[in-house]
Structures are given as C-alpha cells and as structure tokens.
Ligand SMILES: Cc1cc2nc3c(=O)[nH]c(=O)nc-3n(C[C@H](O)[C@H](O)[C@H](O)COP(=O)(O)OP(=O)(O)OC[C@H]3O[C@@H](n4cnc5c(N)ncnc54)[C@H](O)[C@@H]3O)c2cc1C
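The chain that follows stands alone, in the form predicted alone, written as structure tokens.
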C-alpha cells in the first residue's frame, strides 16, 4: 500500500519540503511505495522579498513569480485547489471543490498574510510592500512624493521579515538622497515597544545609524487608528502623528485553515519548537510563517525548517526514529541603503551580531535573490 505524504502550501516552506522529500525518498516513490502530493491554491510560487525592491523601481512584480510546475520535482504530484479543513482523526484533508485526500503524514506551510483592515483607517490611509498590489501602489506614491513627512509605522507584530521595516527606511533615505529630494522629506520610524527592533542587538545596532541618517525614531508607538482624511495616526499611548505618506507594516494573520483544523489560534499553529510537529494532532507538521515558534517569520526559517521536517518524515516512512531537530537557525540580509547591506545569523536564544555594511554583502543579497529559485527547487 502506498504511503501518502501531503504538503499544503506552495511557498518557500512547502516547495522546499516537497522537493526535499522527492529527493530523499526517490527510490520509494519510483517503486510506488510512497507518494508526495503538494496542494496549494495558487499555481505560482512567489518570492516575497522581491516586493521591497519593486517599491523603489528596482524590480517588477513578475520577477517574484515562477510557475510551481517549473520548480517542483517531477515526482511531486501538484494539486491546485484550496484546502479548507483537516480531519486529523480520519487523516484526510478537504479541498474547496469538495474532494477529500487521505494522508499518512501531513505538513502545512500556508504562510501569513496582511490584514490592514484590522486597524481602522489603515487600509484607506496607508501603504505597504507585502503583496503585488500594495507594492505597486507604493511605488507610484514614492515616485511622485516630492516633499513632506514620510512615516514608516510598524503596526502589527509578528510580521513577515522582521528586518524589512528598517530596510525600508534605510533604502528610502538613500533613494531620496540620490533623487535629490531628501532635504524636503522628513522620515520617521515607529516601533511598538521601547526600542527600534524586537531583537535587542539589532535595535542597538540600528539606533545610531538611524540617527546618523536623520531618521527620527518613535518607540512605544502602538497605532490604533488612522484618519486618512486628516492624515493622522492615533496610538494606544494617546499620541498622534501627522503624515504625508504613511508606509505601514500591517497586522498579519496566519491561514484560516490552522484555526479551522483546530491546530492553533489566530492562524498560528502550536508546534514543538524543534520538531515542528503539531501539539494538537498526530502525524501533522506545521512550518514556515504558520508555525508559532520563537524566531523570525522569514524565508530562511521556512527553508531550514523544511529540511528538518523532510528528514523526520523520511525517517518515519522508513520505520526509523527521527533525530533531525530545528535549532532556530535564521539568516537574514538587511539592506542599509540602495547599495550596501549587512546580515544577521542566529539560533534560538541567541542575539545576533552584525558585520559592517558593505557593497559586497549587498551584492551577495542580490545574487541570492537571483539564485533563490534553486533554493525553491531544493538545490541550495
């Protein structure tokens, strides 16, 4: 009887996992003993970090997309439909078209999405760079923004790519200088806690650099409402800030499937931090942004988690005790302008140190962006 592995989600975590399984279990798949199926509601794979560059006219939305059929190993069976429920007791998923698919091992990597509508007025009064429509609209706004107050406000946490808010203001500062408009634009960066970033070492690194760039920082700034007509952000602390262009990190949510399946609350799944196994269902793994683990919601996290989950599932298929464990490994580049960058690397419980920004690291990031598709294929 064929042992079926179902992967839900066609982002970084799901695609890398499916390809790793196809490689690791190639002989079993070829013999008809194992089947790997990937179910996703989008036939395209999207590399979301590209959207930050789209906002500054450095990339196009099309650069962020590739058909999944071009990225998946031929041994992976691709199903394009939305999964709406998981019956963990019967070990089957239900698709939107009403069809059901049984599994022996299930991995969910449905990611996160932005919900600006959760903050009154934010959808109407703010912009963001987290999806195609958002970043293309922001690009048009930046292109015509000649003077005034540019505010980057981190409204929602946790959010995808924790370094992105800092990257945006550093890039905006440099981009405006190169455009000859910086003297006419004030930039303010706001963060909801008492420092400029959730990780203390990154906050300590960023704060003097923000000051050197004449980027104002407002901490303990928890935006609760935006008045798009008056162009004012109101906060839980009772303060207000006027803006001419508001770029927000909107509230995020996990996929409805997580809650519907009883795997977690608010779309974030309860999992073991090291095995990524669900704490609410047997033979179910959750990885990537959907997993509630104490590290960043970043593509590198999904990538490293996918390797662990692939190893553990392959071990179980072969009747062995899984030993692979995820240690929280995270690697993120941080653009510090339009042509310099640094990076962070850390595990659970560690504070990263950051090397001095350089053109070399910037070009390393751009090179990785171009070669990312090899990562999605499981080749890097």
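Residue numbers count along the first chain shown, from 1. It should be emphasised that the depicted structure is a prediction, and the values quoted were computed from it without experimental measurement.
The protein also exists as the form predicted in complex with the ligand; that form is not presented, and the subsequent description refers to it.
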- Task: Mark residue 342 yes when one of its heavy atoms lies within 4.5 Å of a heavy atom of the ligand in the predicted complex, and no otherwise.
- Result: no
- Would residue 81 count as touching the ligand in the predicted complex under a 4.5 Å heavy atom rule? yes
- Task: Spell out, yes or no, whether the shortest heavy atom distance between residue 121 and the ligand in the predicted complex is within 4.5 Å.
- Result: no
- Query: Given that the partner is absent here, does residue 197 sit within 4.5 Å of the ligand in the predicted complex, heavy atoms only?
  - Reply: no
- Tell me whether 59, 168 and 337, taken together, all sit within 4.5 Å of the ligand in the predicted complex, counting heavy atoms only. no
- Item | Residue stretch of 171-179, 104-112, 214-222, 143-151 approaching the ligand in the predicted complex, non-hydrogen atom distance within 4.5 Å | 104-112
- Partner-free chain; cross-checking the ligand in the predicted complex, the single residue of 311, 350, 63, 41 with a heavy atom within 4.5 Å is 41
- Taking 4.5 Å between heavy atoms as the contact cutoff, choose which of 202, 160, 293, 210 touches the ligand in the predicted complex. 160
- Task: Counting only non-hydrogen atoms and a 4.5 Å cut-off, give the residues of 231-267 close to the ligand in the predicted complex.
- Result: 255, 257
